[in-house]
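First comes one chain, alone, set out as structure tokens in the form predicted on its own.
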Amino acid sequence: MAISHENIERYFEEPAVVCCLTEAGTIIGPENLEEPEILPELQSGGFLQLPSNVLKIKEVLGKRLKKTLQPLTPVTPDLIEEELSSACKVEKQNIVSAFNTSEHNSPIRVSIGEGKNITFEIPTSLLQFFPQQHQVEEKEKIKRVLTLREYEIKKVQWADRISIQDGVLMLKKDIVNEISSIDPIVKKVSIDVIEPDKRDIFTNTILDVIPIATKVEGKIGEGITNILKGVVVILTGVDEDGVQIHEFGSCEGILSQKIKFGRPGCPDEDDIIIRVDVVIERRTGMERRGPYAAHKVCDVFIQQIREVLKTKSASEASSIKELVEVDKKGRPRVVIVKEIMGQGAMHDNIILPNEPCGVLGGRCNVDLGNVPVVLSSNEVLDGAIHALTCVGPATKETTRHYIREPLVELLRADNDLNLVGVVFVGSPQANQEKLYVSERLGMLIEAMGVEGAIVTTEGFGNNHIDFAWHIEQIGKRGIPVVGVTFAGVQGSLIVGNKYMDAMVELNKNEEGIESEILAENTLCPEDARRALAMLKTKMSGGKILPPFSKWDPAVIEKNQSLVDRV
């Protein structure tokens, strides 16, 4: 495949190989040269060998060929004439000029040894490249403050009523009877407490991991939130026929083997687990109402704990921290785009429920048409997203993942950038709807006036179509953009475009597959650091080498090592 004229600048340093039969006398242009990104694959397949004296693309553009070359012939010094043709001198000059004008931050230096009555006239169009005084003088502006009061739980027991006292959470013995009849689709509910050293037990597939948190003051994203630490709820489920509630993989099995403990979306190693296991009406597992009923019942159970947690004072908290969301004026505005499932059935998410990580009061992104919704970083970290998604366990982002989202935490803390928002956008089923949603995302990003973006997605396969379109919609507006997803072997991208030149791989499985282990291949702090480094590199005009066509863990290791040394 030949190189397009608009892409030639990025390939100046790459080897020059003709892509098709090229006659002697041809003046070499981008249309005669093979796309460098596929050269490694051609080499590994034995179709191409690059000699040590192969010329770089910038060295052959505009040169005249001495001989007729067969397709995939590397261009070496003996094959071209030395002098540039006049036509190509113009073309090359145009390319170089365009490249130079992109370096807006290069200084303009005027040195005058001695002079008198000297006048400079500078076009007003150049003023945009000078820092404005008001940008320097503007101070950071606090947008909202969230106080998180954590209460350490060391033991969970059964009692006659719910209480939280001295690190002990007491659960009501007959609570199961009270919540089992909430939804007729739910046929049976079981609740048990699992200590960290008692995890070698069978579990049905894990639908979600849910923190126990409640608002004490204000709305989600601001005010005061009380949250339990050291204990977390997992929701598991099956239907009356014993069919696991899942799609693209189920993680039923031995609990200790089916969770990557310590991942952002999972229980931690020392967490006590409260398991809510739900049996739903037969054949409703693949319908929207089935999984939703399971989540709703679980939420009613958690709400009873929340009502007690609301009464806990600041003096009883084991720790208190403040999340201060700041508008860092004068620094580059960036945005995170998180693609979430929205194909209906069990692929849905709830946005902005009444309670952190809750269900009631929220809006399903499917009902909202999957259009982009902007949240503040404080809202995300205060439990604004409840995950209903049942995609492959290894790539699934649970409710706990969002409240501990590593990329959001990292970008909001970075003093070089100004994180202006987190956009959640659903992934519809039909391509026509995907395109509609992607185009709306592009318009939103344009209106936000950002200078950089990172796009992430959970899952793989069908939703990679919109993932690629989202990146295209942002990239074609001249905004540097980085993509973050699981691909590995099983999830290799089925689509792509020229703006997907900076990608972060989330796979951590040795075989590169959906392992059916909860959250094994989800976004972790180390992935967030690579994504941020890549975004900064791209925003500053640095070069990012093209990815290999196949998953190679050595590349990720090397990149991680480079990033961690900075």
Partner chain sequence: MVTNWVIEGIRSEVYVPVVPEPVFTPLTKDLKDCVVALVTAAGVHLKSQKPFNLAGDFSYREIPGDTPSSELMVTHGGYDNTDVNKDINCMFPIDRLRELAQEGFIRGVAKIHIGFMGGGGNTQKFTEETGPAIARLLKETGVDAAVLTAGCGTCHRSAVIVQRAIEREGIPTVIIAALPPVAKHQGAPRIVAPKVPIGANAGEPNNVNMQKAILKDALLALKSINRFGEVIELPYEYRARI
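Residue numbers count along the first chain shown, from 1. Since the structure is predicted, the reported quantities are computational estimates derived from the model, not experimental observations.
Beyond what is shown, the protein has a form predicted in complex with the partner chain; the following relates to that form.
Using a 4.5 Å heavy atom cutoff, Glu247, His347 and Val504 all lie near the partner chain in the model of the complex. The partner chain in the model of the complex comes within 4.5 Å of no heavy atom belonging to Ile57. For Ile254, no non-hydrogen atom is located within 4.5 Å of the partner chain in the model of the complex, even though that partner is not displayed.
Put simply, Val324 is far from the partner chain in the model of the complex: not one heavy atom of it is within 4.5 Å. When the partner chain is considered in the model of the complex, Asn497 lines it closely, a heavy atom lying within 4.5 Å.
Residues placing heavy atoms within 4.5 Å of the partner chain in the model of the complex fall in a single listed stretch, namely 415-423, out of 415-423, 266-274, 297-305, 143-151. Between the partner chain and the residues Glu409, Glu281, Glu472, Glu433, the one pair within 4.5 Å by heavy atoms in the model of the complex involves Glu433. Taking Leu48, Leu65, Ala533, Ile517 one by one, only a single residue has any non-hydrogen atom within 4.5 Å of the partner chain in the model of the complex, and it is Ala533. Contacts between stretch 27-44 and the partner chain, counted in the model of the complex as any heavy atom lying within 4.5 Å, involve Glu41 alone. Cα of Leu39 to Cα of Ala554: at least 3 Å longer in the model of the complex than in the shown structure. Annotation: Glu37/Ile479 CA-CA distance shorter in the model of the complex than in the displayed model, change of at least 3 Å.
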